[in-house]
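The chain that follows stands alone, in the form predicted alone, written as structure tokens.
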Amino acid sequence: MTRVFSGVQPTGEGPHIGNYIGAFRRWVELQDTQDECFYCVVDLHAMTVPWEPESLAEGVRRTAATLIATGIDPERSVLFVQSDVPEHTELAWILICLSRMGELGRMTQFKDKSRGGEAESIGAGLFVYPSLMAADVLTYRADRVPVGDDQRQHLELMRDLAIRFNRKFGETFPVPEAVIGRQGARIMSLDDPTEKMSKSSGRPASAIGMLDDLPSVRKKIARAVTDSGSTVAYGPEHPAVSNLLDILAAVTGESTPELVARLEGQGYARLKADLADAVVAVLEPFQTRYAELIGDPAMLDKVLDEGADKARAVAGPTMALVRERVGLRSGVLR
């Protein structure tokens, strides 16, 4: 049995259909393999930018409800909140000390947010959080990490830190492998196919939120940009239509060649109508289940508390070994 770890931030904007296609659905599928799955609401990562305490707490519950509503089963997977397991931050400090300024400074997300001389005003957490991300995975000595293609750089740092620790202190951590999403995992904006779909874009029409009311979902899809002409075709010369086909293929399970053949000569209106029906068919039962879950916060807290107990049962022995290897006294904080 191999161990899988992945995490999601409790963002205020809520998840969109791209999160479902690229992450949550894959997490659900991994439950049906021989993998031992750990899925974490990474609330500490949400603190690398300014936050409101009440929004953060609410976001944790909403995210947990989202994961369960998409099919994560707390009986088959360990579902928990990052800050409930202090071993994450304990290991993160050790990994920060092993990280190098140069490799952290090369992280794309930090570079993007510190352009134009803005680095002086950015919190240090944004600079070092890739080391915390590495600690999230290594705390559970996970073998596989489901990530999007945009997370390859962080995964490579994680692997480098595991190797560096093992060479300096003895074999301790598996070197985790990335589980990169299938075609369609990188979903682009409805109004600009050159940008990745994001609820934080500031353009409501650009993303299909998992909790958007269903009539507005249909309107967004009907208004999605298309390419010049009217031929339903797939490829780099047809970026907008290819994105719509990617979403349709992902939610129906059909291949893009099958879709192109089926929609030949029928124009963009039919493509959008089929896409709207398929997306609504996914969102409707999800939203019903989500409403049930979010209406019972005591039950959600109980699920997360039980998940944290299971997570600490794995994280504790890992940190006991790490403390011994690096020369820290064991048992002082236990």
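When you see a residue number, it is the position in the sequence shown, counting from 1. The structure displayed is predicted, hence computed values, not measured ones.
The same protein also has a form predicted in complex with a small molecule, omitted here; what follows describes it.
Chemist: Any of the heavy atoms of Val145 lying within 4.5 Å of the small molecule in the predicted complex?
Modeler: Answer yes; at least one heavy atom of Val145 falls within 4.5 Å of the small molecule in the predicted complex.
Chemist: Please check if Thr318 has a heavy atom lying within 4.5 Å of any heavy atom of the small molecule in the predicted complex.
Modeler: Result no; Thr318 lies far from the small molecule in the predicted complex.
Chemist: Indicate whether the small molecule has at least one heavy atom within 4.5 Å of a heavy atom of Asp150 in the predicted complex.
Modeler: Output for Asp150 is yes: heavy atoms within 4.5 Å of the small molecule.
Chemist: When the contact criterion is heavy atoms within 4.5 Å, does Val322 count as touching the small molecule in the predicted complex?
Modeler: Judged by the heavy-atom cut-off of 4.5 Å, Val322 is well away from the small molecule in the predicted complex.
Chemist: Just one of 38 to 46, 277 to 285, 303 to 311, 53 to 61 has residues with a heavy atom within 4.5 Å of the small molecule in the predicted complex, so point it out.
Modeler: Within 4.5 Å of the partner lies stretch 38 to 46.
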